[in-house]
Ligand SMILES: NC(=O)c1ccc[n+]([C@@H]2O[C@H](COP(=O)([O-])OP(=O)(O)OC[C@H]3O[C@@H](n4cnc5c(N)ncnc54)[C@H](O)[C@@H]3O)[C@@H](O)[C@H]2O)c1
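Taking the form predicted on its own, here's one chain by itself in structure tokens.
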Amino acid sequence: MSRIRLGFIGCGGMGHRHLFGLAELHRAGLCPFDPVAVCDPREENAVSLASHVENHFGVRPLVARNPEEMAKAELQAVDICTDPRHHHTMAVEAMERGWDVMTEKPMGLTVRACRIMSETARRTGRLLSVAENYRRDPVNRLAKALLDTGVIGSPRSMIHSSAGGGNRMLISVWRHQKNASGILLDVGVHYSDILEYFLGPVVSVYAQTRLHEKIRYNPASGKDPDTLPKNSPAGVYEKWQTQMPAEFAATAEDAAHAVLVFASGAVCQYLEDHAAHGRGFWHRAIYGSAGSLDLPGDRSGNPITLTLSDGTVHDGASLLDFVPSFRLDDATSVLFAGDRLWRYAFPFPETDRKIIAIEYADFGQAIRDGRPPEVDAEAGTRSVAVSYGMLESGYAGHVVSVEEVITDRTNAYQSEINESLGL
């Protein structure tokens, strides 16, 4: 079967992470793509990514400044890894050129941008996939199987809490800017997606949101990137962080305290605080009518703890006894060396590559089979809407429904962003 001609739009940190994921899939013998073009208005970024493509695939791709130049490579699909302000414009142009699209999350910078992307996909008949990675973690796949099997009975409540960060920059300056994808959106869409993956649709949100740290600090500024510890995902962002300012003003909220209600009636107590000083923490648990699941950090490889009503605890291989039919998909099984995993142990950069590889495997198979991708435009829009549901609620001071956010009837918080995008 012929391979799909793929181009990269956006060759910064995320573009490099995606290329490393594609190379991981290639090494496993499962890659359905030929990377034939890279595109970035910053030539040095595109040249850097092209060199990595050549190193991993043996062929140097076309280096382009815009999609028009990319078209010379006779593309069939593109992977959009720009900053979120450009997701909708690049996706619309790509689909109108006849290319299938995988875009990084958040799918669009606002719900309105997501709706434009969805409408274009319907009009052109092109496939639109969202690169959401947390749900693809093998341990999260097992957690979903345990929930679906009814091991803890009917889910009643969920706790999702994370705190840390202080006044430090998280990865990049733009993640702290309201008009560029504030941190509660950039990180929040991951959490919104995994909440709905586990417990189904969120129907309403009440939140208090805050901007605590109005000045953020970048300790990497001006330093030699080779001397910095590789603390960022896949160790690729330090190169760009050294070129960012040492301090800057933050305009996006950095903390959300929320109550989310699911269509099932289950309730989630939600805390996402990226400005917490002192000891940080992360906790996710689901409580049902017959027990509870304590879930490990995404991409950590650590095991689930299942506690049943009688006090029995399972946190090892015995978890698999509750789900005898549980099997990971073929790509995940090859990449993680097992189809019934309850834990794994890889260095984080390798785990990051493997999970991005799974995103690509699904995207390629969806193109070949003519089926929707796992995380399609509807799912991508919903995760943006749930995240903005918290911000809209915090802005309005009352409960909002996710449906009114999805349909763009509640958008007061987003109005400034939409205006900046010309939407």
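What you are looking at is a predicted structure, and each value in this text was computed from that prediction instead of being measured. Heads up: residue numbers just count along the shown sequence, starting at 1.
Not pictured, yet referred to below: the form predicted together with this ligand.
Here the chain stands alone, but in the predicted complex its contact with this ligand, taken as any heavy atom within 4.5 Å, falls in 33-41 among 364-372, 383-391, 33-41, 51-59. Although this ligand is omitted here, in the predicted complex all of Asp83, His87 and His190 have a heavy atom within 4.5 Å of it. Proximity of Trp342 to this ligand in the predicted complex: non-hydrogen atoms within 4.5 Å are absent; the residue sits far from the partner. Although the partner is absent here, Leu319 sits far enough away that none of its heavy atoms falls within 4.5 Å of this ligand in the predicted complex. Within this chain, Asp186 lines the site of this ligand in the predicted complex, having a heavy atom no more than 4.5 Å away. Contact between Lys105 and this ligand in the predicted complex is found at the 4.5 Å heavy atom cutoff.
A heavy atom within 4.5 Å of this ligand in the predicted complex is found for exactly one of Phe326, Tyr237, Tyr206, Phe336: Tyr237. In summary, among the residues Arg216, His314, Arg175, Arg141, the only one with a non-hydrogen atom within 4.5 Å of this ligand in the predicted complex is Arg175. In sequence order, Ile9, Gly10, Cys11, Gly12, Gly13, Met14, Gly15, Arg17 are the residues of 1-30 having a heavy atom within 4.5 Å of this ligand in the predicted complex; the partner itself is omitted from this view.
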